[in-house]
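Presented below, as structure tokens, is a lone chain in the form predicted alone.
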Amino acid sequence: MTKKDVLPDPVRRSMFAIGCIAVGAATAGFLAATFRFLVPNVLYEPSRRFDIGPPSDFPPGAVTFLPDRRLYVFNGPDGFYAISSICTHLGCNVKRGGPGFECPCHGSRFDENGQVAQGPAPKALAWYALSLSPHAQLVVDLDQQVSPEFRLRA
């Protein structure tokens, strides 16, 4: 090997530094991936079963809209019931209009029981189970759909 074949000393040092940086970056990436693997993938969502307040918060004959839960709560002569405000067409919030509900986005109409009166919605609005907690609070369970005949007498 001649002196011409050997790289100059500063170039050799810079290549060594670049190699060290690359190995360090690869090691850091490996360690980060390892520690990320140790953290569980948990989706923290709000509970689908929740209190909405005491029955006295819902006057007789009233319809109360809970915007944060996208839910209508009725206190009718037959008892309490809850209907989703999520249109079954594309998920818009339906509004109370006349005797039923209207979707402002695409024109679907639902009767007072949430049944489709005019499309394009493919199915009725969901009815959710209501119960009374031991602390005298109305509890909605979004995981339990019920038929439109369901009423909670509180």
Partner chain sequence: MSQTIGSRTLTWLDGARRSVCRIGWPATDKDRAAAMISSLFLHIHPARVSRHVLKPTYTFALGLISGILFIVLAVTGLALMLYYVPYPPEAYRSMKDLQFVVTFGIVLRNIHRWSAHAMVGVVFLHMCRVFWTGSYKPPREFNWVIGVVLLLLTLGLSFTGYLLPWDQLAFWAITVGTNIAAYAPVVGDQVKFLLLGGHMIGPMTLLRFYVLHCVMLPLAMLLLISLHVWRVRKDGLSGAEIHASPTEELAGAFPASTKTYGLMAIGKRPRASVEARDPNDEVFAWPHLLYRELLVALAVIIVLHIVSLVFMAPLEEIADPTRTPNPAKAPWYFLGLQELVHYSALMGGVIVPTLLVLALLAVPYVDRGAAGSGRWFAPERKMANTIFTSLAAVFVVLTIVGTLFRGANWAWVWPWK
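Numbering follows the first chain given and starts at 1. Just so you know, these numbers come straight off a predicted model, no measurement behind them. In this text, the rigid core denotes the largest set of C-alpha atoms whose superposition between the two forms falls within 1.5 Å.
The same protein has a further form, the form predicted together with the partner chain, not shown here; the description that follows concerns it.
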Quiz item: the partner chain isn't shown here, but in the model of the complex, which of 51-59, 124-132, 92-100, 23-31 has heavy atoms within 4.5 Å of it?
Solution: 92-100
Quiz item: Looking in the model of the complex, any heavy atom of Val63 within 4.5 Å of the partner chain?
Solution: no
Self-check item: 4.5 angstroms heavy atom contact with the partner chain in the model of the complex for Thr88
Solution: yes
Quiz item: Can you name the residues of 67-84 that have a heavy atom within 4.5 Å of the partner chain in the model of the complex?
Solution: Pro67, Asp68, Arg70
Quiz item: So, does Pro40 move by 2 Å or more at the CA between this form and the one not shown, with the core held fixed?
Solution: yes
